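Given as structure tokens, the chain that follows is alone and in the form predicted alone.
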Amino acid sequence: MARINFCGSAAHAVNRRGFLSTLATAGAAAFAADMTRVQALALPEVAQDLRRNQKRCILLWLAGGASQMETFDPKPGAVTGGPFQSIQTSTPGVRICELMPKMARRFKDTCIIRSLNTRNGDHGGGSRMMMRGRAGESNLDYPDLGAVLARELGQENSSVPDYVSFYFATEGRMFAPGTPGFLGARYGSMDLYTSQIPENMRRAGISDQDHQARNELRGLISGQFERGRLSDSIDSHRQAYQRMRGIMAHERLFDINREPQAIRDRYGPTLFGQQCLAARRLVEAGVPFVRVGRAWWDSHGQNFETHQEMVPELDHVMATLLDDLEQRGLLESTLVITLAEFGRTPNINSQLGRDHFASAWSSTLSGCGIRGGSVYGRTDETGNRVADGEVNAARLFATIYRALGINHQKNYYVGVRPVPLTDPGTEPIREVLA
């Protein structure tokens, strides 16, 4: 067995590399036997370091379908190109729409996937597919990305939520609600529709003593009901309730007014900016998955006016979020995704709009596990079809899972039926991964 050099001081017992190195060279059992080292995990500085390196994900959900032509795959000069020009990014030869100058300058951490062909141009069906990575089945309710990451990346005894979703707009809300599917309520989303701070979490004047007494009474009644009953649903409900009690003690995580004014100013006054700041606070505290919905991109008419208003906001907030995560040492362990249910048609309709289009559109991945400053796939000169590197929803999700250190080929079980995490035979896009 490899010798472990340790001075005996708890303060020097563990750092991240030492922790992983010891496991690799001496084996988990030998490490667990050294109780002095195990106790050191409780030190605040060690807990902070381990939390910093926990994988997590922020999804910027561009609800309604943002145009790839006015964001990450411009075609200036083409008959389908529209009025905007392209600009050079920090990667030679890679250009994006002129409406995104901040992301062009800090492209070093981002990969654009320009070759999505997901074949579903319906808001509802497309949203479900792009939140789950696969088409649905009538007899099986698949979990969405947030629920899977809550299951795979969440900490068993954590008192922070595993899956938070901000979606204040009324448009499109019904199309892609968070769903834990067959994983059960334990991995369901905390949906925030009207307030950035979860409502109905306060004890409303009840003392700590009364609150504890009520919890004990509830536990007694629940225990009597559960006795002799073995049910995944009952267990899932109990775990969800216990998690909610822990969340009540962490209401402050949602309050961006606790941030310095300079930080709030950087994100800007828009709702999208404020929610992305809240998302950063949440992942920093250990929340594995946060979705921030920005609606409504469904520009069947006046596409260019719509995007001239919304794309600069996306550009500013996304660049600020990536900067903030990087400055806090979190970007290497946080994957930031931009995604929608589909893109928009290259052809411009009679209302100067672009319609639904799922045959050749774009997404971006930034940060954790991603080869930054890169592009994967290519569309033709007019943007009407994928010319190289076609990617479907399953392959995109396999890439997301691999970037986060999750085995995309693993099986879940519904009864005795194995359900693979991604469609059988799916492989991640290795050129995208760091």
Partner chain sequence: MPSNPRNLRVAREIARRDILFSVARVPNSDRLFVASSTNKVYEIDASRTNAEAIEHADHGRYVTAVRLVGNTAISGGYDGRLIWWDIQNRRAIRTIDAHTRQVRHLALSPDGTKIASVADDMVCRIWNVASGERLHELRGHEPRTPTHFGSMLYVCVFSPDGRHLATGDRVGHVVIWDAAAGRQLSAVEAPTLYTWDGVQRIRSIGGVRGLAFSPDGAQLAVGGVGQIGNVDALQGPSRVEVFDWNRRQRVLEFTGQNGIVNKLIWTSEWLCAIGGGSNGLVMFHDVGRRASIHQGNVPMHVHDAVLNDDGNQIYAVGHQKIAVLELRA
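Since this is a predicted model, take the numbers as computed values, not measurements. Residue numbers count along the first chain shown, from 1.
Here the subject shifts to the form predicted together with its partner chain, a form of this protein not shown in this document.
Within 4.5 Å of its partner chain in the model of the complex, a heavy atom is found for every one of T270, A295 and E305. Site annotation in the model of the complex: the residue of S195, S90, N257, N349 reaching within 4.5 Å of its partner chain with a heavy atom is N349. When you look in the model of the complex, the only residue of D265, E216, D141, E98 with a non-hydrogen atom within 4.5 Å of its partner chain is E98. Heavy atoms within 4.5 Å of its partner chain in the model of the complex map, among the stretches 162-170, 125-133, 277-285, 176-184, onto 162-170 alone. When its partner chain is considered in the model of the complex, G82 lines it closely, a heavy atom lying within 4.5 Å. Residue contact check for E326: none of its heavy atoms lie within 4.5 Å of its partner chain in the model of the complex. In the model of the complex, its partner chain sits within 4.5 Å of a heavy atom belonging to G301.
When its partner chain is considered in the model of the complex, M310 lines it closely, a heavy atom lying within 4.5 Å.
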